[in-house]
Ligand code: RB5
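Before any questions on how it binds or moves, here is one chain, the form predicted alone, in structure tokens.
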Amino acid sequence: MRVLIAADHGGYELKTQLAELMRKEGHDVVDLGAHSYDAGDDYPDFALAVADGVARGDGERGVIVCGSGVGAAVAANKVRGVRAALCHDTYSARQGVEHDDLNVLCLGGRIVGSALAEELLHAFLGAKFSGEERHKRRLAKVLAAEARLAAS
């Protein structure tokens, strides 16, 4: 799977570990930065790089790591076509894809340890949208709301 990944200073170390893990597991990983630690960088720059790339189809999924993961999720969800969520448990990471067609996972580099982050990543990347009628119906409502907002 082609996965876009990025992080600000708060998630830099964890992003580096997760990118290496995904590569070892055979994923095509595109690292959109930060490429070095910079305490003065800003999470929206990295979150939007991943979100824009996922929206364009440059990658099937995206992973963003910032200090808490909250800012990354807020910023990424401003991009049409992106469904980003902050996940701290494997159920949400898997179910978010299966039911809600989640395409960007947000993590808090200061919140989750590397072992849990790896489990979250595996749950997210291993899941597929169910395509069940109720899930498609609900997703259509979300996409309709997104289109209304874009038109206004």
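None of the values given here were measured: they were computed from a predicted structure. In case it trips you up, residue 1 is the first one in the sequence shown, and so on.
Below, we refer to the form predicted in complex with this ligand, which is not included among the displayed structures.
Chemist: Give a yes/no on whether Gly53 approaches this ligand to within 4.5 Å in the predicted complex, heavy atoms considered.
Modeler: Gly53: no contact with this ligand in the predicted complex.
Chemist: Please run the contact check for Arg110 against this ligand in the predicted complex: heavy atoms, 4.5 angstroms, yes or no?
Modeler: Although this ligand is absent here, Arg110 would touch it in the predicted complex, with heavy atoms inside 4.5 Å.
Chemist: Should Tyr43 be counted as a contact of this ligand in the predicted complex, where contact means heavy atoms within 4.5 Å?
Modeler: Judged by the heavy-atom cut-off of 4.5 Å, Tyr43 is in contact with this ligand in the predicted complex.
Chemist: With the cut-off set at 4.5 Å between non-hydrogen atoms, does Gly67 touch this ligand in the predicted complex?
Modeler: Gly67 belongs to the contact set for this ligand.
Chemist: Work out which of the listed stretches, 21 to 29, 8 to 16, 139 to 147, 124 to 132, brings a heavy atom within 4.5 angstroms of this ligand in the predicted complex.
Modeler: Looking at the other structure, the answer is 8 to 16.
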